[in-house]
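Only one chain comes next, encoded as structure tokens, the form predicted on its own.
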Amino acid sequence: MVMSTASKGLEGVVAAETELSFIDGVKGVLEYVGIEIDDLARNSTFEEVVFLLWNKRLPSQGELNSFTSELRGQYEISDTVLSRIKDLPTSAQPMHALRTMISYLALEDSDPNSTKPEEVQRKALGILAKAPAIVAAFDRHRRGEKFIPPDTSLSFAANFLKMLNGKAPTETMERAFDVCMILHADHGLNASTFTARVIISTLSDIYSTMTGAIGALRGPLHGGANEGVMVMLNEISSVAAAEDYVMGKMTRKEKIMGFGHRVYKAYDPRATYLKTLAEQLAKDTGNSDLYEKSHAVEQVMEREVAAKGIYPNVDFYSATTYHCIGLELDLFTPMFALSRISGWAGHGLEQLEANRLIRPTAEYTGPHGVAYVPIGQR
């Protein structure tokens, strides 16, 4: 019997070169184009991070102003797109709605198939700008509420929250959401990013690339973890009950959502600053009990499994953050998508720089020489 040499889940296989993000899972390091994620979260904005990922350098003030202006200039979705959103069943899942409408945007592009880098970046900017309006419009449609038009005077973060909730967010809410967008923008060659690079390597269009990536992100093993965290926190009746809840799950060998990561064996660097923001946001919005439950869970887990390299990941405190902002549970993963559009586009642009069709091989493990049996004899 021949032993298989295939790597399950492609673990440990280097499938691309990138200058966009660097991860050291043992030391707990994540960098975008060489800049530590914590520095970006504390000092940058999502708009600046998008420019960084697409141009592999930080912008000057003039460049950032121009980029921001161009992004805001494309916030608005057409009446046709809005009409199509209103045609969607109110029972639809937001990720399915987002995936469908991103694909629909290609139908409004007179030249959707161009793979010239400058054209791909321009189209990606339009997708990034319009995605928040798509999510907000669908959510208000299913709630039976009137669509709130984009506000081009607001940042990416504030504009989305205003369209979703019908009023401008507080400064803390805007900053917390902006930081979440920064933290989720890119993360190596994860499943959805690999999907994006595979699709664009065929010289397919950026709309197909984004649609496929959203499909990969929707899977609960990839983008849905923060939803699971919120479900878990809702199951814990009080701060005092956290200890028994966690220990019970561990006794039954059930997963504690928001802990551990396939890459990180140290504290997820994306969670450090977010934890502080989540605490402040919880206080500001009257959700301190939720944060305290989160903290209690983390303390139990630190005592029990930190020595094994299992720490909170970015999903753990992003769940508290999104809840405090006022998001419905099934909007958590679409928030991940809104941010990751920037990383997917950056990787698409990088793939096109020296493109080669991504076409790995598979190790055949089936039989040989099997005789065909006519259907009447089966």
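Just so we're clear, the structure is a prediction, and the values are computed from it rather than from any experiment. Start at 1 and count along the sequence shown; that's the residue number.
There is also a form predicted in complex with a small molecule; it is not shown, and the following applies to it.
Here is the short version: of Phe259, Tyr273, Tyr245, Tyr207, the single residue with a heavy atom within 4.5 Å of the small molecule in the model of the complex is Phe259. The single contact residue among Val81, Met301, Leu290, Met230, judged by any heavy atom lying within 4.5 Å of the small molecule in the model of the complex, is Met301. Considering the small molecule in the model of the complex, the lone stretch of 150 to 158, 219 to 227, 196 to 204, 130 to 138 in range is 219 to 227 [heavy atom distance within 4.5 Å]. For Met250, a non-hydrogen atom is located within 4.5 Å of the small molecule in the model of the complex, even though that partner is not displayed. The shortest heavy atom separation between Ser44 and the small molecule in the model of the complex exceeds 4.5 Å. Proximity of Ile310 to the small molecule in the model of the complex: non-hydrogen atoms within 4.5 Å are present. At the 4.5 Å threshold, heavy atoms of Lys255 reach the small molecule in the model of the complex.
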